[in-house]
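Given next, in C-alpha cells, is a single chain: the form predicted alone.
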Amino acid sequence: MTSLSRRGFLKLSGALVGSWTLLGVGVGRGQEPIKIGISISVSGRFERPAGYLFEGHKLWAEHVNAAGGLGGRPVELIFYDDKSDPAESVKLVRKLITDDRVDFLFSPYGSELTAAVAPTIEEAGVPAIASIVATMKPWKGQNAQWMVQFSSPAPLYLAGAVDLAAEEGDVRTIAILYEDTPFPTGVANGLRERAQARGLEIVLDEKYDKAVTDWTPLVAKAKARGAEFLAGGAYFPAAVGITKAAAAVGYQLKLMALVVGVADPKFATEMGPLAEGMAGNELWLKVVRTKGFLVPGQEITNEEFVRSYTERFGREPEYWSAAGYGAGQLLAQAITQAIEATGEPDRMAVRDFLFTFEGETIYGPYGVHPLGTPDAGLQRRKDQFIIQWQRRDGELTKEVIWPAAMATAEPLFGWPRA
C-alpha cells in the first residue's frame, strides 16, 4: 500500500513553495529523504509548459517511492515558484542549495532561466540536470562540471522543417522571426544555418522584444518581402500571435513552422481551422519504443509511462512531461550507481555518471560531451521530430512529418488550408 504525503502550495516570502513525497513499500518513514530542488514556473509566461514538466517530475517521484525508493530512501521534491523570472530563479536556486540543503537539482524550465542559474549551480558544485533546456550557452565552450543538458540544443528544433521545405515543398525563400531571448535565438541560428546549406534565400531575419504582443507589423514585413516559408517564434503566445497575424494580413504561405506552442494541444483548440497545416517541433513521441531505469531491477517503458501519466492526470503527456519523467530516470540511475559504489548518494559519483553515461530513458537517447572538454555537458544524442496539424476523420490531429522513418503522414504545403 502506498500513501501520498504532499504539503501543498504555501505562501512563503512571496513565493509559492511546496514539497512532494510519495511513501511506498520498502521506504521507511524515518529514512532521511534524498532531496531534489526545483525552481519551477508555477506562474508567469512559462507556466503552461513548466506545468507539464513538473507533472513528469512528480509522477517519477511517486513511481520511485512506490517501488521502494533509492537505497531504501524516499526522494523528495522541494520546489518554489520562480514566476518565470530569471532573477527570481537565481534567488530560489541559492535558497534551495543553502537553506534547504538539497542533494541534487533539476534546472528551471527553459533556456532563459537555466542560463541565469547555471553560474550559481557551477559555483556551488551541485549535480543538476537541465530537463528541458535548449540553449547551448551554459555548456558551449564553458567547460561545465556540474550540470548536464538532457534535451536537444535549440539549433536542431526546426532544422527538419527546412529540409522538408527545400526537398518537398519547392520553397525558395524564408523569413525568420524570433524572440530576443536565448532559446528562440538558438532556434533562429539553426534555421539560418540550415537555410543557407539548403540554398534558401533569407529575405527577412529579424528578432523582436519578448514584450511584443502584436506580431502584425513583423508578419506584414515578411509577406512584403515575398517569404514563402515563415519560421521561428518563441513560446505559446508567439505561436498563437504569429498565426493570427498571418491570417489577418492575408498571408498565403507554402509552410509555417513555429516552436513550442504549435505542439501544445491547446493550439488546435484555440486556433481552430487556422491550425491545419501548421508545423512545429516535438522532442518525444508516445509511440516510440523506449524504456529507462526506475529502481534497481526495474525499468519502465514509454508505453507504461504514457498509460500511467494519463491515468494520473486525466490526459496524455506532452514532450515536456516526458522530459520531466525521463530526467528523473537519469538521476535515479546516477544515484543508484553512486550508492552501490560509495554507500551513499555521493555528489561527485552522481556528477561523474551524468557526464559519462550513454543510454536511454523514456524520453529517448542520452549522451553529453564528457568532462574536461570545452563543451562538457552539452547534449549530443537526443533526437527531434517535426509535427503538423492535419485533419483525420474530420478532427485535427498531430502528425509526424519528419524524419521520414517516423512519419505518420505526408507533409502538407500551403497555408492557410481553408
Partner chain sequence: MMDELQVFVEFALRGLLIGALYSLMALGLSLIFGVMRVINVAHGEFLMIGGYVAYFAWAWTQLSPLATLLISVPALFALGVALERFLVERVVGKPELASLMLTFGISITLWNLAHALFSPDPRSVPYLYEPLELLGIYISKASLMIFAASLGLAALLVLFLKGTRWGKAIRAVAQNPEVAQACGIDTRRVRMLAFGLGAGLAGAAGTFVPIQFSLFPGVGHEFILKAFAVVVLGGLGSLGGAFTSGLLLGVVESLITFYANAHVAYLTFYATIVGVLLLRPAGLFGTGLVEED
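The structure presented is a predicted model; accordingly, all values stated were derived computationally and were not measured. Numbering follows the first chain given and starts at 1.
The form predicted in complex with the partner chain is left out here; the points below concern that form.
**Q** Quick one: does residue 250 come within 4.5 Å of the partner chain in the predicted bound form, counting heavy atoms only?
**A** Flag for residue 250 set to yes.
**Q** In the predicted bound form, is there a heavy atom of the partner chain that lies within 4.5 Å of any heavy atom of residue 209, even though the partner is absent here?
**A** Residue 209: contacts the partner chain in the predicted bound form.
**Q** Contact between residue 104 and the partner chain in the predicted bound form at 4.5 Å, heavy atoms?
**A** Residue-level check for residue 104: no, no contact with the partner chain.
**Q** My question is simply whether residue 273 lines the interface with the partner chain in the predicted bound form - judged by any non-hydrogen atom within 4.5 Å.
**A** Output for residue 273 is yes: heavy atoms within 4.5 Å of the partner chain.
**Q** Have a look at 299-307, 95-103, 167-175, 210-218 and name the one stretch with heavy atoms inside 4.5 Å of the partner chain in the predicted bound form.
**A** In short, 210-218.
**Q** Judged by heavy atoms and a 4.5 Å cut-off, are 180, 223 and 240 together in contact with the partner chain in the predicted bound form?
**A** Every listed residue reaches the partner chain in the predicted bound form, so yes.
**Q** Ok, 312, 244, 347, 198: which has a heavy atom sitting within 4.5 Å of the partner chain in the predicted bound form?
**A** None of the other options qualify; the answer is 244.
**Q** Of 291, 266, 286, 140, which one comes within 4.5 Å of the partner chain in the predicted bound form, counting heavy atoms only?
**A** Checked against the cut-off, the match is 266.
**Q** Quick one: which residues from 96-132 get a non-hydrogen atom within 4.5 Å of the partner chain in the predicted bound form?
**A** Result: empty, none.
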